[in-house]
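Below you will find one chain, with nothing else, as structure tokens; this is the form predicted alone, and questions on how it binds or moves follow later.
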Amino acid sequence: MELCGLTIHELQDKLRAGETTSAEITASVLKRIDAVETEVRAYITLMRESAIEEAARADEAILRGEIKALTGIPIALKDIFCTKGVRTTCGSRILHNFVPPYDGTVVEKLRAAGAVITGKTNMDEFAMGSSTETSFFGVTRNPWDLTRIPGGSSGGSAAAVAADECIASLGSDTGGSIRQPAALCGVVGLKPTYGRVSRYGLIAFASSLDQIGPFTKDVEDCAILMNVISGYDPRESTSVPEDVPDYRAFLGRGIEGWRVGIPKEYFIDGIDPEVEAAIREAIRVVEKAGARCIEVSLPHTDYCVAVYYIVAPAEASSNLARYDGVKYGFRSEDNRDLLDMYKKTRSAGFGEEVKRRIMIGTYALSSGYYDAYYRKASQVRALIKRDFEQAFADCDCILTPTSPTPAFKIGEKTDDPMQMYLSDIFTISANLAGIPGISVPCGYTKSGLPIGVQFLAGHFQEGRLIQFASAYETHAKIEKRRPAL
């Protein structure tokens, strides 16, 4: 197998043994990008020259014996993280020329760990979408079937890992935007607990929901990246000063005697039969591994989509008010006055989905409607959080489908926003409750599309998730396939 197809830990072993160099690994990744990027379109901005320079510095460090957690490993970043001197667009015309003067915290941590940054990946505009079809820079395609979506909003990050256009990547998850594309692209994706990873330098969509996490080729790589990006950041007001364990220490442990909750509300009408069959098989796998599966109830599940699509647009309406053409980003021309400039800039700078959510959010927050919508949604959100707390009193983790369907066709749901929103029906609840979740490959459809299973745990129990996912990965023995690009 070519170097670009290996995992972080496999490449680290080769680097330490002197069997390869970061320059060779990076060259392999860039060659792969040259070969498939015109089909996949995973990147918005490719950082070729700086990646080659970073790889050279990594090799110098290795010769000096200075090997860190990610020394010499090519990593891609969702184009929602601020990168000093490199444009950060959020997939939007309104930020198409924005170049931040600083690195976000996770970018700083990757650089400090020795990573080679390959570029900025495509995404739904301002992370609003489930298919990476709303990007101003075009549609990303699923490497497993180029006629299908890769999921969203972090579809570029997931597709880049699946297509071997990087070794691993980072994305953001507001309602499933790491876990859903991970499932549809056949990779591992973890959304940490709200507050576990600093959001400083993350361009905000919905500030009480957004969280940053990794896309990787296996669970061990996920633990490696979580070790790097986790931890308290005094610059970020929602960052929690909670001790961070060594997540690699959870790998390879058994799950004998664990109680695994199966929420009855998650096996619903409309779930694809092949997805349901794969999830039922995943349940059998964890039972054979020694866990005991029990039925649990999350009674407010039916309200999750409605609550999310009030809370998230309301926060987006507030966060996106700053994009007015005054200080940075796109500005319309031939304006009569300041108000005309605001109107023209925002009308031309934002795409249809972003404008739809801004209007929904503004309406929900408007005088006379706040109590009826946002306040009530916040109250139901508290009930959703309580559902999980009660469920975790009876079980160690929860097992669910990640997505109700495999990857759907490009354009299939763009004219029906409600059907698009329902793509995240199994992932939204974790964001509303602030708990961590991970999606792990659990099989394929008859046509060869990946399927993912989701595991959920209590607040700051990422280690438990990694232990469970690692055990599942070991016992399931899912066939390792690569997209036939």
Partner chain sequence: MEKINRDEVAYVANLARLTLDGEAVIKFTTQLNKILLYMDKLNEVDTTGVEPMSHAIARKNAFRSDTVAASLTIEASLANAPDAKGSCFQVPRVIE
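The structure displayed is predicted, hence computed values, not measured ones. Positions refer to the first chain, counted from 1.
Same protein, other form: the form predicted together with the partner chain, not shown, and the subject of what follows.
Contact annotation: the partner chain lies within 4.5 Å of heavy atoms from the stretch 302-310 in the model of the complex, the single such stretch among 212-220, 302-310, 176-184, 397-405. By the criterion of a heavy atom within 4.5 Å, A51 is excluded from the residues contacting the partner chain in the model of the complex. None of the heavy atoms of F455 is located within 4.5 Å of the partner chain in the model of the complex. Among residues of the shown chain, L63 is not one whose heavy atoms approach the partner chain to within 4.5 Å in the model of the complex.
Proximity of T134 to the partner chain in the model of the complex: non-hydrogen atoms within 4.5 Å are absent; the residue sits far from the partner. Proximity to the partner chain in the model of the complex, taken as a non-hydrogen atom within 4.5 angstroms, holds for one residue of K376, R259, R111, R248, which is K376. Listed residues D269, E333, D243, D415 were compared with the partner chain in the model of the complex; D415 is the one with a heavy atom within 4.5 Å.
Of all the residues from 189-208, those having a non-hydrogen atom no more than 4.5 Å from the partner chain in the model of the complex are T193, Y194, S207, S208.
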